[in-house]
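Quick heads-up: it's one chain on its own, the form predicted alone, in structure tokens.
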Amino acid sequence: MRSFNGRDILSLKDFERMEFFRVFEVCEELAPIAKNRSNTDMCSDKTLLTAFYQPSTRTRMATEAAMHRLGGHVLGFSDAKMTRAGDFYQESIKDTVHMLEYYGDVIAMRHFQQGAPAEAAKWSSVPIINCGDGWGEHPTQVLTDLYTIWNELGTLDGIHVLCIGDMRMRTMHSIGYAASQFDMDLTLVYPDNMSPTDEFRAELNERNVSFREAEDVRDVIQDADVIYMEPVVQPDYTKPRDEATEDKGVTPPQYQVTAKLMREKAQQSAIVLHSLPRMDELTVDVDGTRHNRYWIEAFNGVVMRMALLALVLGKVE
């Protein structure tokens, strides 16, 4: 297995099966620190720089919280408009990263342009962690999701995952690539205008991913061990920022999960994951059911990013 020390975390295409489990092992080692709301001095000599060109709540703050839990230092920006990349100069990724690499030991980047973190990695002497790039990928989120499933179900093999939402989304791409390393069946449910691209379908087939496509969650939810959700009412991820409109639309019932649907059709043991934020595709009445795992998922996001930071900074091997 390859070392994570100094490694960029850009895509789950790059992950082999045993590497997922190595990350999970480090999560298990570090989880008590987060559970006890304590800190360690593991990364006291290291600095994380967060470069977020696109809005974020959980990913940015979970990554920063993870570094604080590890005893490290944090600096960065959460609004590119306040940098020279977002004003008159429109400074390039190359020029920006050539500066940022001197300010920190690892850079966590979110960008509205697909491939931007990979471009940054070309010019950076420190590891780049992709925290979401346009319609590209979101490896840290999906590693969190898989760790949550592994913790809850005890396995990533022999399970059926129902993916509901926009199949152009970066999380859907990452979970599709990750599924190639496990005995995992996927069912994809999406509106017509949010279908998987021909390129993504070809990649799934090339990677021997077992998947099928369906039109209505109500017809297939009974088969799911895991219900994995994203909104179908959402912003344009190719923009730095997309403001809310007065009429954002509503989610059609064939892409919606409710407590009633879970009670009437889902397996009793099925769990629901959502990276959040949500619209009306996941109704709040699911929050109080035994199926809800998205708050645990949010906590696990800190633990996962603690593990990734410790690994790429060489604090664990």
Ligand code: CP
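Keep in mind it's a predicted model, so treat the numbers as computed, not measured. Heads up: residue numbers just count along the shown sequence, starting at 1.
This protein has a second form, the form predicted in complex with the named molecule, left out of what is shown; the following refers to that one.
- Although the partner is absent from this view, T187 stays clear of the named molecule in the model of the complex, with no non-hydrogen atom inside 4.5 angstroms.
- When the named molecule is considered in the model of the complex, S56 lines it closely, a heavy atom lying within 4.5 Å.
- In the model of the complex, the named molecule sits within 4.5 Å of a heavy atom belonging to H138.
- Remark: S275 counts among the residues lining the named molecule in the model of the complex, judged by a heavy atom distance of 4.5 Å or less.
- Partner proximity in the model of the complex, defined as non-hydrogen atoms within 4.5 angstroms of the named molecule, places exactly one of 42 to 50, 285 to 293, 254 to 262, 56 to 64 at the interface: 56 to 64.
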